[in-house]
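The chain that follows stands alone, in the form predicted alone, written as C-alpha cells.
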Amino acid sequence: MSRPDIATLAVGDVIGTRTVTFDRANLVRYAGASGDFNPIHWNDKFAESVDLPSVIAHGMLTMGSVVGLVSDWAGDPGAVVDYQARFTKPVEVPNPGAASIDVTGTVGAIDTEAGTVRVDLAVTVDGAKVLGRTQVLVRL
C-alpha cells in the first residue's frame, strides 16, 4: 500500500476498519513471546478468583494488534511516531471460541507543517469500548 497524501486528508476521514480475533492459542503464543505468564491470561479458575469474568487477553497484545490498521494505512510501521491508549475494559476470550475486536481509525488532527496526522482508534468488543483515548501519531 502506498503512503497517504497528507494534502488530501481531512479531519473526520475514516482511514479504515478491521476486526482482530484472539483465541486461547493466541494468548499462549503471546505469553511465550512476551514472557507474561500471568494466570489471568490462561487459567479460568484463577481469573475468576481475582474477580475477572474469565481469562482475558493481554493488554499489550490488544494494543499492539489494533495499531496494525494505522501502520498498514500509512504504508510503513516506522511512520508511527507515538501511540497511546487507556485500557478501559478487559477483553474476555471464551473457551472455546474467540474474542472479536472491532477497530475503526479516524483522522483526528492534521499538522501539515510537521507532516503528521493523528489517527484516533475506536476499539470495541460487542459494542463496548475496550481501549479509550487511543491515538496514533503518524509522520507522512
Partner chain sequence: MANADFEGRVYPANASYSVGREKIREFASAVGATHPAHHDLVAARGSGYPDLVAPPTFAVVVAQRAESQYISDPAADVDFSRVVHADERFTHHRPIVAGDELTTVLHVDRIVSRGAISMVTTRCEIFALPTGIEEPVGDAETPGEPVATVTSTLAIRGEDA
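It should be emphasised that the depicted structure is a prediction, and the values quoted were computed from it without experimental measurement. Residue numbers count along the first chain shown, from 1.
As for the form predicted together with its partner chain, it is not shown, yet the points below apply to it.
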Contact between Val103 and its partner chain in the predicted complex at 4.5 Å, heavy atoms?
no
* Asked: With the partner left out of view, is Ile110 within 4.5 angstroms of its partner chain in the predicted complex by any non-hydrogen atom?
  -> no
Interface membership of Val67, its partner chain in the predicted complex, 4.5 Å heavy atom rule: yes
* Distance check, Ala85 to its partner chain in the predicted complex, heavy atom within 4.5 Å -> yes
Three-residue site Trp42, Val91 and Val119 fully in contact with its partner chain in the predicted complex at 4.5 Å by heavy atom: no
Within 16-37, the residues having any heavy atom within 4.5 Å of its partner chain in the predicted complex are Arg29, Tyr30, Gly32, Ala33, Ser34, Asp36
